[in-house]
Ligand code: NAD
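Before any questions on how it binds or moves, here is one chain, the form predicted on its own, in structure tokens.
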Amino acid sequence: MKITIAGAGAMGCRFGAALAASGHDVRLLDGWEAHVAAINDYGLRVTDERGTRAVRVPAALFRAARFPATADDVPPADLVIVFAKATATAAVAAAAAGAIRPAMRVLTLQNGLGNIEALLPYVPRERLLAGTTTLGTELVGPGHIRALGSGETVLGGLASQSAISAQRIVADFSSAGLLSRASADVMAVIWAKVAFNCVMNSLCTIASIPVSALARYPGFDDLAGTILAEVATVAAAEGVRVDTGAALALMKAQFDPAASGNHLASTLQDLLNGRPTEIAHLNGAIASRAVAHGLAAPANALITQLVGLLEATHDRRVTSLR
């Protein structure tokens, strides 16, 4: 299968490396010039429990503002996987609109809310698939990722016609070592991941800690419960049920280092690297959608403000006593 990955950050590279190693024709697109150059010059380096290896996979520079793609600009692909940051989804989709061919399937595995809405103006509903992944992955440096622990990818189509496509993609992912399954209710899957990230990503970012460190805080269940209750209320207003008990259990399972306990949440990685975070598409989306439904989500609103404060003051952060 010919696969293009739009957004070759940590997760995009993990999928790209696995799929390329299993025989698929993969192409990576990313906007970080040093990262693209390192992948092309030395191969994509992947560090995991087996050590470090280099996977040969071509990468190309993609800057949405300067890349209005046409069908001639981008090689044909059977599947485009969007891993760009949620803050860039609309710009990437608009820039690549001319290269979306009639037989192409587009899959978003991005964090947060709003990605589907950003893609739908450019991708017919019957060819758009969505889902989530819980694989812990970190970007070590240009052309180098660290693949941590185990995880699962769940995906499905937005239209009934996409069921067969979803099953085929699941089979290809699983054969590449990316444990996957299809779901008939992809919106419930996405909201469950949003609930997870509204707690784990935000708290780990505010405290600047790895996932497993949350287990040390005796008030974690109460704090997580407050955030989850707001997420579930907003989800219900949009016709989706979030099982807060299951969400909490999944979070606590990640404290195990064998799962993703040593992982740094993606929002924390962005903050540490001076990049804009996706907080507006996580806790911020819960707060804004709550207002739209005439509801209140004060915990998520406060978290959004706190992470915004950390972003704005990143270069003045005190890391040690003088």
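Each residue number is its position in the shown sequence, starting from 1. Keep in mind that what you see is a predicted model, and the values were worked out from it rather than measured.
Only in words, not in the display: the form predicted together with nicotinamide-adenine-dinucleotide (NAD), which the text now covers.
Asks: Looking in the predicted complex, is nicotinamide-adenine-dinucleotide (NAD) within 4.5 Å of a heavy atom from each of G9, T137 and R275?
Replies: Affirmative, all three are within 4.5 Å.
Asks: Heavy atoms within 4.5 Å of nicotinamide-adenine-dinucleotide (NAD) in the predicted complex: which stretch in 246 to 254, 210 to 218, 177 to 185, 80 to 88 meets that?
Replies: Of the options, only 80 to 88 has residues within 4.5 Å of the partner.
Asks: So in the predicted complex, is nicotinamide-adenine-dinucleotide (NAD) close enough to R127 to count as touching (4.5 Å, heavy atoms)?
Replies: Looking in the predicted complex, residue contacts with nicotinamide-adenine-dinucleotide (NAD) do not include R127, since no heavy atom lies within 4.5 Å.
Asks: Might T205 be said to contact nicotinamide-adenine-dinucleotide (NAD) in the predicted complex, defining contact as any heavy atom within 4.5 Å?
Replies: It does not: once nicotinamide-adenine-dinucleotide (NAD) is placed as it appears in the predicted complex, T205 has no heavy atom within 4.5 Å of it.
Asks: Applying a 4.5 Å heavy atom distance criterion, does N111 contact nicotinamide-adenine-dinucleotide (NAD) in the predicted complex?
Replies: Yes.
Asks: Test of understanding: in the predicted complex, would R45 fall inside 4.5 Å of nicotinamide-adenine-dinucleotide (NAD) by heavy atoms?
Replies: No, R45 stays farther than 4.5 Å from nicotinamide-adenine-dinucleotide (NAD) in the predicted complex.
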